[in-house]
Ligand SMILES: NC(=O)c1ccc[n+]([C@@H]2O[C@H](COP(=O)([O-])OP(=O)(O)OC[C@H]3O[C@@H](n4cnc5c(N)ncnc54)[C@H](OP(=O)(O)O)[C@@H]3O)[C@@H](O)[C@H]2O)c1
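Presented as structure tokens, the chain that follows is alone, the form predicted on its own.
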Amino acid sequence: MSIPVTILGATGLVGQVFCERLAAHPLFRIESLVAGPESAGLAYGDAVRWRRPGEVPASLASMPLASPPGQLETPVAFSSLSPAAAALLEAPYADAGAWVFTNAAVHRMDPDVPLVIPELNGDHLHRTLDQNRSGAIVANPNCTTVGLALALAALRSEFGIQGARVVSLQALSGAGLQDGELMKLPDGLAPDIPGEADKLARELPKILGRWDANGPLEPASLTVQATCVRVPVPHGHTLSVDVTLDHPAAEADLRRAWSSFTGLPGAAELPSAPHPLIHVEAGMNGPRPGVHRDRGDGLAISVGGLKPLDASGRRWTFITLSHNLVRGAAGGAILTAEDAHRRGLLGHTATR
């Protein structure tokens, strides 16, 4: 029997990806679509300005939109709410018994909220049992953090990492919709995205940190310095990364570490898990958003452009690419919910 879910913020870009990917999911069944009060009562297909490939899923086109309720009627919610709405609604929903898988930044750094990429730290999900709630909040990282975390984790597990310098080239869809359309960049790019560099620096140590049953999270010891730029690409965040390893490695060693990386045991068996997780490009011609962002149904990442920065074998530069709406948002949150279900934390009800 499938688990009924609510999608919060169903008409936005990330909400649309939730609808697209959950319309025929083997574990989850969409029972309720929530949007702003101005859309309440309208059929989803009439209210949404659909920006995904193809048509609105037929099973959802006539489903009426609801305003945010006082209490959810489903045990699970996937949230793509705005920061203000997330701050108002997510905690009360979780307090009342729902498991809320959120893409908003509001709760990411809360000390009792796991910030999850299943392949890297799905074991952090057990700490939801320490939340003083009938349900739970589980946070998805920033859409830029996810691709970087996966690429670095594969190297960190074998060679150790001291730190990284990053320049992100972030897609237009990372800014959401403005009047139903992707944002415009009249000068070709925006040289700074407020708050993005700080999110990378704070979130990565939490994701890669240790969090066992005996105490608070111990963040990973690594430094990330970032410059975040908005570019005129519709989807797909590309990052240029300079990394310093703890131990020297050859180019072939790094390529092998990426291509063989599957993450924590069991993560590769999740219904949405991509195979392979990391695609490794030869030479300097990839990865490129238009060609490579949809690998693994948008949940795989790609790396390439690997070059040494000196002769030590410890300093390297490379390019990594991930789909910001899928791996970095809705698809990643669904994968995390699948992992919570696999671990026995998520059942047909959210009661404990």
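Only a predicted model underlies this, so the values are computations on that prediction, with no experimental measurement involved. One rule holds for the numbers: they count along the sequence shown, beginning at 1.
Omitted here: the form predicted in complex with this ligand. The next part is about that form.
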- Query: Pick from Ser82, Thr223, Ser259, Ser157: which residue has any heavy atom within 4.5 angstroms of this ligand in the predicted bound form?
  - Reply: Ser82
- Query: Of Leu13, Ala333, Cys19, Ala340, which residue is found within 4.5 angstroms of this ligand in the predicted bound form when only non-hydrogen atoms are counted?
  - Reply: Leu13
- Message: Please tell me whether the candidate spot formed by Ala35, Pro68 and Gly328 is one where all three residues come within 4.5 Å of this ligand in the predicted bound form (heavy atoms).
- Response: yes
- With a 4.5 Å heavy atom cut-off, would you call Gly122 a contact of this ligand in the predicted bound form? no
- Query: Does this ligand get within 4.5 angstroms of any non-hydrogen atom of Leu177 in the predicted bound form?
  - Reply: yes
- Query: in the predicted bound form, does Ser322 have a heavy atom within 4.5 Å of this ligand?
  - Reply: no
- Query: Taking heavy atoms only, is Thr128 within 4.5 angstroms of this ligand in the predicted bound form?
  - Reply: no
- Message: At 4.5 Å between heavy atoms, only one of the stretches 270-278, 149-157, 104-112, 213-221 reaches this ligand in the predicted bound form; which one is it?
- Response: 104-112
